[in-house]
Ligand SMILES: C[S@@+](CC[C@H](N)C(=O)[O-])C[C@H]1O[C@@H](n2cnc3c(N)ncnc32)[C@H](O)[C@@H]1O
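Single chain ahead, written as structure tokens, the form predicted on its own.
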Amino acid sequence: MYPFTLQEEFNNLQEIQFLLPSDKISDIKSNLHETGTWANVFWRRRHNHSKREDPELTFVFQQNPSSILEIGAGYGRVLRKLIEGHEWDLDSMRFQGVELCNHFMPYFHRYQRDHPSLKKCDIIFDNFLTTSAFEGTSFDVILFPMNSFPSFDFGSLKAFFLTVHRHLTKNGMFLFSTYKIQDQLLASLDLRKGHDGELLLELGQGAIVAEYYEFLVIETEFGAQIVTYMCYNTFSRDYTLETREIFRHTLDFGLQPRLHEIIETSGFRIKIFDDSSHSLVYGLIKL
């Protein structure tokens, strides 16, 4: 059981002056990754993202698939790397993405215009777990990259794996990555304790000042959980504060035996387990 109430967290954030005196507990939201603020922030980070290593892609290329679906495609960065990073027969290939946040749509279209290789692919802006867009459709590779895996709460992992299973071809592979954390260290993990921030700029637009506070890791029955607060102050070009948004976000880090148990009971077995990079990369195939 998580030991702090929302009120106790709020009091702590006020005490360390992460929050303004005018901020209220009712201002705190939990749907960051569905908002226009998140899409805007993620888009402004694209130049840093371009330097990111994506160890999952090597294993995608090894499968020689004819169809690929990326979960959490954002504005299309990984899809572009997939298309441009391998010698494909583009006439027979199918590249698709699905993204929960529909506010990424205009950024995807801008990214397509800048990178003509993306004309070959499409992104469905919908919830992967509930969308009907893929009914009757299956893919040789389904990819969930960028260590996004802990963003799924542990209680919904079974539904997530079963949905992937339904949309994977008979001999297909599901590839995902997660943080490299040894089981024995999981309960005391401290990824980024404290208060920090960043300034996000975009030519021709105002600034976004982003602030973060991460509570100490809490041990749970499945592994560990981290609660992070994120505050985004959006300014106009004349530095007038336009919006101030506060979000509470949790990450669930499951112990490997618990994760492997869910994988197996969802109809998968682990074919690839690679720990040679900054992440753990899993490749799952159907039983």
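Owing to the predicted nature of the structure, the values given are computational and were not obtained by experimental measurement. When you see a residue number, it is the position in the sequence shown, counting from 1.
Beyond what is shown, the protein has a form predicted together with the named molecule; the following relates to that form.
Of the candidate stretches 140-148, 161-169, 86-94, 204-212, only 140-148 contains residues with a heavy atom within 4.5 Å of the named molecule in the predicted complex. Using a 4.5 Å heavy atom cutoff, none of 223, 253 and 280 lies near the named molecule in the predicted complex. Among residues of the shown chain, residue 38 is one whose heavy atoms approach the named molecule to within 4.5 Å in the predicted complex. Although the partner is absent here, residue 126 lies within 4.5 Å of the named molecule in the predicted complex, judged by heavy atoms. Although the partner is absent from this view, residue 42 contacts the named molecule in the predicted complex, with a non-hydrogen atom inside 4.5 angstroms. With a 4.5 Å cutoff on heavy atoms, residue 154 does not count as touching the named molecule in the predicted complex; it lies far away. This chain is displayed alone, yet in the predicted complex one of 173, 217, 98, 118 has a heavy atom within 4.5 Å of the named molecule; that residue is 98. For the residues 258, 248, 244, 33, the 4.5 Å heavy atom test against the named molecule in the predicted complex is passed only by 33.
Along 50-83, a non-hydrogen atom within 4.5 Å of the named molecule in the predicted complex is carried by 70, 71, 72, 73, 74, 77, 78, in order along the sequence.
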